[in-house]
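Only one chain comes next, encoded as structure tokens, the form predicted on its own.
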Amino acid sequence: MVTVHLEPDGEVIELANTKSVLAVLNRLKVRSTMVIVARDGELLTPDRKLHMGDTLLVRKVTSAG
């Protein structure tokens, strides 16, 4: 089980059978260019493997201008 904290929404979601950051993003239906993903303060790329018990921060990023 991977726990995902979504910001700025404040939602917490638990996902089973997710083995990579890309799999998490696909489950959340967001593109990798729309969010940053971090684990223990380390930014993760979509190809990074995940482990059972990981806690991720997924923050939506926007550009205004």
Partner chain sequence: MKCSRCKKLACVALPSHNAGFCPECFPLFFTRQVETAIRREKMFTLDERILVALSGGKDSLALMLELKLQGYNVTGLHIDLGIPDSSWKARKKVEDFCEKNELQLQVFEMEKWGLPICDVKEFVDRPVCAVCGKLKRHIFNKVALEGGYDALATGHNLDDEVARLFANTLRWDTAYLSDQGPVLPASGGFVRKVKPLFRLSEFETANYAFLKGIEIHSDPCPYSSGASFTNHKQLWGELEYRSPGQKFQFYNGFLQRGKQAFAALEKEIGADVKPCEECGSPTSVGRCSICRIKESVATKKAAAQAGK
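These figures come from a predicted structure and were not determined experimentally. Positions refer to the first chain, counted from 1.
Although it is not shown, the form predicted in complex with the partner chain is what the next lines describe.
Contact with the partner chain in the predicted bound form, defined as a heavy atom within 4.5 Å, holds for exactly one of L50, A23, L57, I13, namely L57. Taking non-hydrogen atoms only, N17 never approaches the partner chain to within 4.5 angstroms in the predicted bound form.
The partner chain in the predicted bound form comes within 4.5 Å of a heavy atom belonging to V61.
Although the partner is absent here, A38 is a contact residue: one of its heavy atoms lies within 4.5 angstroms of the partner chain in the predicted bound form. Although the partner chain is not shown here, in the predicted bound form the stretch 37-55 places heavy atoms of A38, G41, E42, L43, L44, T45, P46, D47, R48 within 4.5 Å of it, in sequence order.
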